[in-house]
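Shown next as structure tokens: one chain only, the form predicted on its own.
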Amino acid sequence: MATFTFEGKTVYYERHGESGQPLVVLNGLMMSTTSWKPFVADFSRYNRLVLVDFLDQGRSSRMTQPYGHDVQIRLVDALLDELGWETANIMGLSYGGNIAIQYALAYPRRVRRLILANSGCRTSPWLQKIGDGWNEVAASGSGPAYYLTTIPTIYSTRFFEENAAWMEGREATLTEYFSNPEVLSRLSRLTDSSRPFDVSDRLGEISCPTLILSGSEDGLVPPTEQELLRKGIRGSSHITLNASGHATMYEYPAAFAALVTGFANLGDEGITV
């Protein structure tokens, strides 16, 4: 556990693992470094793993004014400088994937391999309306309402029904968490920061090896949106996990870990058949 100062703010990050390829993991919007706890052992077994909280997330500093993705992109670059890494494998999920795509565009020489899980290349008009709904509920200050509006639809119906006890535990924990007005303010700012996101016309500029992981029942970033990534990023690989929603890492944890670490640890020379 460590922190560094970035543009006058404190950024929290964690390092795990002593050797292997560097792997930086970027959180989804409602996540924090704690969300990755079940994956730390596997992600760090053969990699130098770094988890980080974006501004307005987890144990990093809060923001007070509206902002865009650009500040989080600069944060990732400052993190690599803090670590002394010239390059790294970058994996981002959802919001983190959006930042990862833009980081690869802004700093192409620093990204060895790019892994995008449940991510799109834009905030579609449809997704903007979903975000507006989240923020309307956040403005009400109701933690239970915010949970019911945001969380159940993250998962596939299969997972939701097969893991009823786990979901009940999540509801109890997250309802309490969302009942904090400061938390709802942070989540609203994070949601608003994604409103103008659209790099659909720049995907052809990404040159690093890229893996796209999708869920066939993703209700926030549907397969049609993730297919835009595959078509736009030359040579990218696209894997869809069947009967999975937006949280592929929780629905298929073993497959998710294997795909992430396997792709990150491929040699630079690639595979020729």
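Numbers for residues come from their place in the sequence shown, where the first is 1. The shown structure was predicted, so the numbers you read here are calculated from the model rather than taken from an experiment.
The discussion below concerns the form predicted together with a further copy of the same chain, not included here.
With respect to a further copy of the same chain in the predicted bound form, the three residues Thr149, Thr157 and Gly267 uniformly fall within 4.5 angstroms at the level of their nearest heavy atom. None of 240-248, 65-73, 51-59, 23-31 except one has non-hydrogen atoms within 4.5 angstroms of a further copy of the same chain in the predicted bound form; the exception is 240-248. Among Pro108, Pro144, Gly169, Pro196, the residue placing a heavy atom within 4.5 Å of a further copy of the same chain in the predicted bound form is Pro144. The shortest heavy atom separation between Ser188 and a further copy of the same chain in the predicted bound form exceeds 4.5 Å. Among heavy atoms of Ser124, some come within 4.5 Å of a further copy of the same chain in the predicted bound form.
Contact between Thr173 and a further copy of the same chain in the predicted bound form is not found at the 4.5 Å heavy atom cutoff.
Interface membership of Val137, defined by any non-hydrogen atom within 4.5 Å of a further copy of the same chain in the predicted bound form, is confirmed. Applying a 4.5 Å heavy atom cutoff to a further copy of the same chain in the predicted bound form picks out no residue from 190-209.
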